[in-house]
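First comes one chain, alone, set out as structure tokens in the form predicted on its own.
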């Protein structure tokens, strides 16, 4: 199953290329591949939930340091979220890419599949070497998605994207990995940590800092600029970056290093992570404050993500059981909430060609499903019942109290209030704001594709494309199905968070 988790997306990528002249068949291949991957991950979940640790060695390019996969509870949680949301994002993409008449759709689906294969490698990495290899592959496979539009702005965003991610990886993360190997003689992940009893003094906080800042995908300030810059990409890519693949790979890696390289007990006893708690807290507040200043909807959501990611980092740095449980559950809960918000932003773009918050007055009365879903996603991001986000925020609060950090509880509360203010403005403006003069339409109609481009795809590209007359159109049906699915999941995870809680309880220990 671990082999197949890598092979199936690659085989799917080949099918996507072979079927490029038939968009319906190409997209069906993408959906079937996504469904097959989720089925595989479910089987791995079943084995791990019963106490198993399936593993496989892929290769041994360096003597004594294999490229190896191992399924453990934290990795399974990440793989479950990513593989399920690949299905939903593919459904959404069918509606969005056609409805927005994007060019190079085959290339989009191709690199989407490669990115998910890389995510599976990150999720099931059996050691730091494997984690580093697939982490870098993820940067490379998502670069063509970030630069999809091919505009000068997209190319600049791509340079910032690779520059920051590769720069932090090589300068900090690779140094930390080599240093860890020099201290311990191993790069294997191990319950209780491999540095416990082998490192001491100032080395521990310095090494931990190298990992946290070296994993640039976690977007801890000041290494966060790549994330807002990448918003030039099509909305399904933004959803992929913010909920499924890149940023979640970053915070997942931070949490995995904290648990299996340093060890929670060791970090807690040494106090080495306290300074990074407050770096994460600063990112949480500053990200929220910057989000307030953004009128562009995707930019506002991007800085919201910068803020929310550091909740996961904060939980890892709390170095106690509640913090770890809250951190891991926030990876899942934020994924469903934030992908819902980005899906809604894309539907608004396709249907009404609106990208600014100030333009959304009255639009909720034309697009009630989309704006209702945005409201549900907002509740989950804020951490309010009856949505799944309330559980992760609750456990993070408990972890902060257990660590004796009352100030961090205040940070969590202030951040939630800020999130409520800058996100709730969107549905309130949509439902109760003054409507602009629009030509009517309703949700639920599927756009029919226009002319073919050079690989069997359709129409024009770019996030700023408009109808020739600036008219309001209907949100694509495929996209609405995806939006309803993720919004419903936000509610379902409040009632049934058990699978994710069980996995994270296994990680945190008794």
Partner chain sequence: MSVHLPVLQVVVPLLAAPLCAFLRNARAAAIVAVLASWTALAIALSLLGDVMSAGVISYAIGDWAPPIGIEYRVDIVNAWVLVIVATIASAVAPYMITSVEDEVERRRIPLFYAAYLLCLCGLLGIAITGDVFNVFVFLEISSLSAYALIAMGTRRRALTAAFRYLIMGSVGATFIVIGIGLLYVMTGSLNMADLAVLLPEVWDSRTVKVAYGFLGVGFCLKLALFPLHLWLPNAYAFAPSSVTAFMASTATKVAVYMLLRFFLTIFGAPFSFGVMALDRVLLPLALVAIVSMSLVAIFQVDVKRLLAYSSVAQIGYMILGLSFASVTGLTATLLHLFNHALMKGALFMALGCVVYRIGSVHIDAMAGLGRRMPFTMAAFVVGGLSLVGVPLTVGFVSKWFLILGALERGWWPVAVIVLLTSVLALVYVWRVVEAAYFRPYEGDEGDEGAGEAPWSLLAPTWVLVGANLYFGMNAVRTAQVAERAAEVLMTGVGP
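Remember, predicted model here, so these are calculated numbers, not experimental data. Positions refer to the first chain, counted from 1.
From this point on, the text means the form predicted together with the partner chain, which you will not see here.
- At the 4.5 Å threshold, heavy atoms of residue 182 reach the partner chain in the predicted complex.
- A residue is said to contact a partner when one of its heavy atoms sits within 4.5 Å of a partner heavy atom; residue 65 meets this definition for the partner chain in the predicted complex.
- Residue 52 falls outside the set of residues with a heavy atom inside 4.5 Å of the partner chain in the predicted complex.
- The closest non-hydrogen atom of residue 114 lies beyond 4.5 Å of the partner chain in the predicted complex.
- None of 285-293, 154-162, 353-361, 247-255 except one has non-hydrogen atoms within 4.5 angstroms of the partner chain in the predicted complex; the exception is 154-162.
- Remark: all three candidate residues (133, 166 and 171) come within 4.5 Å of the partner chain in the predicted complex, counting heavy atoms only.
- Of the candidates 177, 348, 408, 423, 177 is the one whose heavy atoms come within 4.5 Å of the partner chain in the predicted complex; the others do not.
- A heavy atom within 4.5 Å of the partner chain in the predicted complex is found for one listed residue only; from 147, 307, 90, 400, this is 147.
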